[in-house]
Each structure stands twice: as structure tokens, then as C-alpha cells.
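In the form predicted on its own, a lone chain appears below as C-alpha cells.
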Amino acid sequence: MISQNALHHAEKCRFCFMCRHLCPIQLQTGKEINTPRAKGLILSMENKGTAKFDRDMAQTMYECLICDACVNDCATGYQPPLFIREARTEAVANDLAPESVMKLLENVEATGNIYGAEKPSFAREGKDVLVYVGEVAACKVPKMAESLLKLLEQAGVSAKVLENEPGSGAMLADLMGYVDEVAQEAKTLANAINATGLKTVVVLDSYDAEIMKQRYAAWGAEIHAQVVTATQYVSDLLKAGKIAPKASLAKKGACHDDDRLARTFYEFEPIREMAKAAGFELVEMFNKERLAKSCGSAVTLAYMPNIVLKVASGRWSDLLRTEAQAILTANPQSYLCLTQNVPEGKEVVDLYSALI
């Protein structure tokens, strides 16, 4: 059942059109059903008994990136992702979620990650910091993880990576909401991190960093170390002179502010400091920082690739309106989504690799 708190948000959102122009999916599909308002209306109808929650309604709830663009711009503080996540919980519990979603959940149960494959290990011993790689980088963008670790080594930072790195719960939470299984994943990872005794955890994927910093404590899974995004950590190393800037590339690039860095952490400068240090001349896309349009997420790409292709194309359209030759990112999920449909003559740049 949807909680009363989530229903309160849904009832308010069903009356309001004010964020429809910010939804990256609605912008690409043009369908009203893809707006936060429509999703609120669906749950309101179910709550009032005028409609029954079915597979079509469940499908609609998964046509959302949970990118928080709607939350970021809401003048009254309502949160569509709150009721969308709970609707996904209901969909899974009642076997109404899309087959592609259920397959990913089966993969998590079998292998611990959405890809249904053995997660590659980046294990190493170190005494300064613990690096959390995450399943997207490990399984799909290993070069980014390797580059980050090499960059830290060059900066004189002794980094440890867990031998059998547990999932953070971020992917599972997007698939089925904040349920007990997600809290258990959080506790497993928190215990593994705390057992190292290290005081700093450098998190490569901002989606993992968000759930660690925003949710773990409430689940009794508090991490004793300081959790810092890899972008912030590398930026601090640059400022300390431990990473040498590269020569100018005479190439223009635009930074993509990923969903979590932009709207959870309000972190904008570190990625731009990294880009400048990598030798890029920076230009800005019109939709930037907190208003940056999402390019998709790895979990949505896994269960609904057609949606992510459309959304990524929308982000490339933003780049094409600038003089930039490259879109710059330091997030494995953004890199993965943007590389699905790169326009001719353009490129996606992993800034960790660019700094080596």
C-alpha cells in the first residue's frame, strides 16, 4: 500500500503542471502520461477507487529516471519521486512490474548486481582511503575505475578497494523502492566499510554516494568514515598540487552535471576544475548545474533502453547548440548513457582518464 505521506504528495502533484517542461522523458516523448502530474493522478485514482493499479499503470511508473528535476524546481516542496518509488514497490509486490524490471531483480538476487554477471574485482590494499567503485563502473565502465585508481596512485594516495565489494542498494532502490532488501544491502556495505577502519571513502558513482549519505543512517547502517564524491576528492588533490594540470588541448568541452551531483549535492565546481586541468576550454550548455537535463541512468538503460536513447539524444541536442566538441563527465552512469548515441564529430570524455 502507498503510504499516506506519499499519497499526500501525489494528491498535490495531480493538480499541478508547473514541472512538466522539466521532465526529460516528457520532453522527448511529448506524452502527458510521462509527467509527474499524470503519475500523481494515477495514484489518486487508485486511492479513490476509481481505477485499479494494473500493468499499464506500473509501466508508467517505470518511465521515470528519478532524476529529481521536478523536485528541484518545485516552489511548494512536493516530491514526485517519493510516490513513484512507492508505486514501484507496489508493482513489484503485486507482480505488475515490467518483465525487464523483474529480470533485473532476478539478476540482483543471483549475482548481486543488475547485470547478472560476476562483478569484476578491482581489489587492492591501501592505507589512506577506501575507494568504492560500484557496479556500473565495475561492470560497464571499467576504464573509468582504472583511471581513477591510477590517478590516485600518481597523486601519492594509497587506495584500498574491497575484495568482494557489496552493492550499495542504489540500483535496487530505483527498481523497487526503499524496502527492507535495500536496507539490508546498505548494512552489509556499511559493515564492510567500517571494518577497514579507514577514515575516508571516495565514491566513484554519485548515485552510490547519495544513498550512502542520505539514507544509510536512517536504516541503522551508518558509515563511520567520511563519504566524499570522487570528483570532490580529485578536485581537492588538484588544488593541493598533487595532480599536475595538462597542457591546453585547444579543444572546447562542456561539462554534464549528472543528476545526483547537480540536485542532491549541488556540486558543480569540482568537475569543471577537473575539465580545466585536463586542458579543455570550457563552454556551458544552457541547461546546466541544478537545471541540467538528465541523460539517463544505468538502471533505466538496463530495463528500458529506448527511453534512455531518447533522453540522451536530448542532452546531445543541448551540446550541439554550443561550440563544444566534447561532453565531459566523471560519472560512470552518465558516461554509459551518453556513449549510446554519440553524434558524428562529437565525443564523450571520461575526465579521470583525461587527467592521467
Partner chain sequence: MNVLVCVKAVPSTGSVQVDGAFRLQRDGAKLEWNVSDLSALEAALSLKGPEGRVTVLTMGPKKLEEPLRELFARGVDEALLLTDPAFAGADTFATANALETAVKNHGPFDLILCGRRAIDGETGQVPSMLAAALALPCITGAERITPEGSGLLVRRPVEEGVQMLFVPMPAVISLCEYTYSLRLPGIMGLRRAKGKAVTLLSPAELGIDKENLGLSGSLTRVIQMDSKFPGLRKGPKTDSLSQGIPAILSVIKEAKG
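Predicted, not measured: the structure shown is a model, and the values here were computed from it. Numbering follows the first chain given and starts at 1.
One more form of this protein exists, namely the form predicted in complex with its partner chain; it is left out here, but the text below deals with it.
Listed residues E181, E281, E146, E273 were compared with its partner chain in the predicted complex; E181 is the one with a heavy atom within 4.5 Å. The contact residue chosen from M176, L82, I114, L189 relative to its partner chain in the predicted complex is M176, the criterion being a non-hydrogen atom within 4.5 angstroms. For E153, no non-hydrogen atom is located within 4.5 Å of its partner chain in the predicted complex, even though that partner is not displayed.
Although the partner is absent here, S206 sits far enough away that none of its heavy atoms falls within 4.5 Å of its partner chain in the predicted complex.
Mapping the unseen interface onto this chain, Q226 falls outside it, with no heavy atom inside 4.5 Å of its partner chain in the predicted complex.
Interface membership of S235, defined by any non-hydrogen atom within 4.5 Å of its partner chain in the predicted complex, is ruled out.
Note on the interface: of 85-93, 114-122, 253-261, 194-202, the segment with non-hydrogen atoms within 4.5 angstroms of its partner chain in the predicted complex is 85-93.
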